[in-house]
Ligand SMILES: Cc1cc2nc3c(=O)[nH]c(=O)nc-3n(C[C@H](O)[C@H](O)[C@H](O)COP(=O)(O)OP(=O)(O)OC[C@H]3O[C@@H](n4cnc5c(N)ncnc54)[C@H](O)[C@@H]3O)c2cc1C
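In the form predicted on its own, a lone chain appears below as structure tokens.
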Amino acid sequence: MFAIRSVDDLINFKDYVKDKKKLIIVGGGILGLEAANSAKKLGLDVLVIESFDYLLSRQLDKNLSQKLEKGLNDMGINTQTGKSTEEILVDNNKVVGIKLSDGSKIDADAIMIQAGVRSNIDVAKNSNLKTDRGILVGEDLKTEEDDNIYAAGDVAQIGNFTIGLWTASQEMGKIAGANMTGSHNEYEKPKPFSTLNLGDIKVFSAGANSGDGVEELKVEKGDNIYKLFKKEGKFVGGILWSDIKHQTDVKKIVFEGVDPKDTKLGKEMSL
């Protein structure tokens, strides 16, 4: 059973699966799907297990997720959605498969976990700093207990959220560093966007694409699909399928309030 966090983890995984046939990946997020694609190139029979009803539920609406799943299946990557892994099955100290919450069992030679982020906060706990999932800090990234202690990156928790993203860690580091020298900057919750590029599958997503009162604007041109999502008169999300060259326009529309008519994407969609 593997979790990939370092180059050594990758090397150990590749060495282990040289003579193996079937890999199960627990977690159908972007990292899980990228791992599945890489494992498929190693010649493994790959199955992705996702607990949500559809893949990339945070990035895609259900319709495009189903299109993504079909594309993955056509590439030879098998998927099961709406399934929760209850137990890793072991025989003679070796993984032999998994047991799902519905009681069904699936054989496998190796398991890869690509689900969730857990902060390493042992140092903070031993220092009597307040912690939850991460080290509790304000929007200035300063701990409550000590004006001289700041936390940034995966380990920092602002309100009720932690963010396991490199881009967020970079931004937090800049703000924490500036505040330690006397500035008074605050970290804003990140504006989420992501890209998936697997073979012929190319997807870009930004902002929100579901929820009460969200309406969809959709244009299809051959294999290319362009979607913008609007709520209460404001554009709150966008998805590009196949043709992702307009991702900067999507970010401007969703995060900066730029009128789509003033972008190349808007012209592509005849808005």
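Fair warning: this is a prediction, and the values are worked out from it, not measured in the lab. In this text, residue numbers run from 1 along the sequence as written.
In what follows, reference is made to the form predicted together with this ligand, a form of this protein that is not presented.
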note = Only one of 161 to 169, 77 to 85, 194 to 202, 134 to 142 sits within 4.5 Å of this ligand in the model of the complex by heavy atom distance, namely 161 to 169
task = Tell me, out of 72, 98, 152, 110, which residue has a non-hydrogen atom within 4.5 angstroms of this ligand in the model of the complex.
result = 152
ask   = Looking in the model of the complex, any heavy atom of residue 104 within 4.5 Å of this ligand?
value = no
ask   = At the 4.5 Å heavy atom threshold, is residue 148 in contact with this ligand in the model of the complex?
value = no
query = Is residue 183 one of the residues lying within 4.5 Å of this ligand in the model of the complex, judged by heavy atom distances?
reply = no
message = At 4.5 Å between heavy atoms, is residue 264 in contact with this ligand in the model of the complex?
response = no
Sequence-ordered list of residues in 89 to 126 near this ligand in the model of the complex, where near means a heavy atom within 4.5 Å = 120, 123
